[in-house]
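In the block that follows, a single chain appears as structure tokens, in the form predicted alone.
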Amino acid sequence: MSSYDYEGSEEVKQESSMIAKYAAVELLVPIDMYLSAGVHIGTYSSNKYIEKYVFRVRNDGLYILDVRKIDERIRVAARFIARYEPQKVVAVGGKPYSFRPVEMFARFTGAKAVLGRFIPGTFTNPYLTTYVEPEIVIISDPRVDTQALTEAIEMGIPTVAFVSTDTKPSGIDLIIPGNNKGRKSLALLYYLLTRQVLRERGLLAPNQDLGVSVEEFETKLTTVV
């Protein structure tokens, strides 16, 4: 995993205080891997529900999330998700950067992926060809995947969601704080969640990796010629 080519090395330098604080803490991956992927990068606004996950506010007003708490919540979410039968888990990704991570999560864990535009009624209208009956729903970004979240709440389906500092977590049962907008961040978040779910199910040993790199979870940028 150390061979993963990160673009955010400057973020590692900037967050030296977090590195110093958690250098001896056992995380799911080394802290510099979290920081280089930008998992800790929030937005320029926050709310009272997310403040407990904030490490600091930069001089420019950008909120920085606490990597230790991100790590803890991934573990908690994985234990929660692992209780459900794989085919009853639905992961939703409405924006392009979430397509590949969600697809890979579904491939490895046996969940169903719902990508792109979420068809209204997918969780509520059994007459639709797209209708599914999940027992738990994973939301990539509540600000984008609003229809899926609304229908899950309406149907009483438990929800797990990746939330940034500007997200209002109303109706979400279990939040995972993190940068849910970045391409590399979403790849690492879903990679770790996937691996941890499989560990919780006993399909991977406690220290065993997936067998593929984080890069495989990353949406590839297309070059226009």
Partner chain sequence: MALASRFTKPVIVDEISTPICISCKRSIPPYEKAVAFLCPNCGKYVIWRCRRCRVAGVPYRCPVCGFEGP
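Positions refer to the first chain, counted from 1. Just so it is clear, the structure is predicted and the values come from calculations on it, not from any experiment.
Absent from the display: the form predicted together with its partner chain. The rest refers to it.
- Taken together, the three residues 45, 62 and 66 lack any non-hydrogen atom within 4.5 angstroms of its partner chain in the predicted bound form.
- Interface residue among 172, 193, 35, 187 relative to its partner chain in the predicted bound form, by the heavy atom within 4.5 Å criterion: 172.
- Only one of 100, 73, 112, 95 lies close to its partner chain in the predicted bound form, with a heavy atom inside 4.5 Å, and it is 73.
- The stretch among 118-126, 85-93, 103-111, 149-157 whose residues place heavy atoms within 4.5 Å of its partner chain in the predicted bound form is 149-157.
- Scanning 43-66 for heavy atoms within 4.5 Å of its partner chain in the predicted bound form gives 49, 52, 53 in sequence order.
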